[in-house]
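Presented as structure tokens, the chain that follows is alone, the form predicted on its own.
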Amino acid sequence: MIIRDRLYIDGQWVTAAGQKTLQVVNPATEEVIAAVPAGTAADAAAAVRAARAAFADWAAAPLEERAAWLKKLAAGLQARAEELATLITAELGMPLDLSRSIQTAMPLDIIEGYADMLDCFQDEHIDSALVVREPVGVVACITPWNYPLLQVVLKVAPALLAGCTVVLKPSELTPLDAFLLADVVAEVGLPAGVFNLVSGSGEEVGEALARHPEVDMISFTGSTRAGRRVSELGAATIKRVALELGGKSPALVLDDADLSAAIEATLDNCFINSGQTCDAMTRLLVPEALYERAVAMATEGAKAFTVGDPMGGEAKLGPLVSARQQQRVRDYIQKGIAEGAQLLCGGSEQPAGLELGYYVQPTVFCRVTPEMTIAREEIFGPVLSIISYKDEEEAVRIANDTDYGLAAAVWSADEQRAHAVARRLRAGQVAINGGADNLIAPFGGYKQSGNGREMGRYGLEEFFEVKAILSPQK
């Protein structure tokens, strides 16, 4: 049992204002493994005061000095990488090998990448004007549970490099990695108030940060519903609000594509992290002529996604993060059946041999039509919907017929054709023929998938104010 009974505010571990705690449950065993403070609005206000007091000095620090601090943080986390991976698997349920590579190694690479991104701060001359970039101010970072450390790093690292000070509110379901990050912050001696950690619920701490007049910016990742609430609260003080929200991403297979490669990659993408991924390809669009082959391949391919103990080293899929999330996904599967979709494999029953744990079988539906609930709403579980189309025009129309616009994929033997289709898709990131992840390419959504971008220099620019200094004409 891990007990974290203090918050990290103004360079110190301090007792929370309230007495309540939040329990952290291991989703594979359903056992309570930790308790953290349920922070209050008063704790959030104390953290904001500390961040405001530290802002001027941190913003004035040389850029190279701020970058050096990021390298110290990366080194401190690297020294505890195995502990981090094990901790994240325990609180989230992702298989340990994947936690090592995705949940731990990737965030460390991102911190290092930002520490080397010093050329993004150069001033510009536009005729007689000098354009300079300055930090936006105090930033509240509100992060989700599905990629906990990664999402923290995607906000905190560029904010600190830009010269902002930070108040972090991690998800109450997976807060333990954020506390370990705060341990490292304290160990390396980051100046007091530059980084502050307040655990707690979104209703209490998240809303307090969103409405606080001394918070200049909210960077939020989570559900579209919660993002809407953050925007409403932030609007009262005209805060900058950056949102990375939900998705219902299509994998569009054109008639000349390598069908086997497309099916394999789509299953991998849809089922990673037990489907708890905002940009998961959960809609597979295939031409009618290839439909039966695609259905057979997807059904067979799904069998390879074994479900089981995330610490065991064999299972590809661990549990979902919570009982609530498990029930939510099961309800969607039942709704798919009720609305007439054909269940190819999986289903809403507990996987065989797993009495405990919030597990859901990898599930594939065919005969899904675009108006069905499972084709329109974000399920956030290992559920794939296969949809047929008549021609390329209909395929693009179906792909774009969604409230979301976070990601998409296009598959074609003709790369020029794939690029042309990719340009027609209303999504922030489109992969062509299994295009590789790119940690410095911009990531973010159209429509109700949010606004703003993360990763690389585009993610860094979210934390700048741009000032024009006008000189007399010569």
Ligand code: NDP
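Everything quoted here is computed from the prediction, not taken from an experiment. In this text, residue numbers run from 1 along the sequence as written.
Below, we turn to the form predicted together with the ligand, even though it does not appear here.
Peer 1: Q151, R225 and R229: each with a heavy atom within 4.5 Å of the ligand in the model of the complex?
Peer 2: Each of the three qualifies.
Peer 1: With the partner removed from view, which of 177-185, 105-113, 240-248, 67-75 is the stretch that lies within 4.5 Å of the ligand in the model of the complex, judged by heavy atom distances?
Peer 2: It is the stretch 240-248.
Peer 1: Identify, from the list L160, I142, L317, A298, the residue with a heavy atom within 4.5 Å of the ligand in the model of the complex.
Peer 2: Contact check passes for I142.
Peer 1: Please identify the residue among R80, R376, R324, R397 with any heavy atom within 4.5 Å of the ligand in the model of the complex.
Peer 2: None of the other options qualify; the answer is R324.
Peer 1: At 4.5 Å between heavy atoms, is F380 in contact with the ligand in the model of the complex?
Peer 2: Answer yes; at least one heavy atom of F380 falls within 4.5 Å of the ligand in the model of the complex.
Peer 1: Using heavy atoms and a 4.5 Å limit, would one call K335 a contact residue for the ligand in the model of the complex?
Peer 2: Residue-level check for K335: no, no contact with the ligand.
Peer 1: Give a yes or no for R328: in the model of the complex, does one of its heavy atoms lie within 4.5 Å of a heavy atom belonging to the ligand?
Peer 2: Close contact exists here: in the model of the complex, R328 approaches the ligand to within 4.5 Å, heavy atoms only.
Peer 1: With a 4.5 Å heavy atom cut-off, would you call E393 a contact of the ligand in the model of the complex?
Peer 2: E393: no contact with the ligand in the model of the complex.
Peer 1: Sequence order please: the residues of 192-210 with a heavy atom within 4.5 Å of the ligand in the model of the complex.
Peer 2: Heavy-atom contacts within 4.5 Å come from G200, S201, G202, E203, G206, E207.
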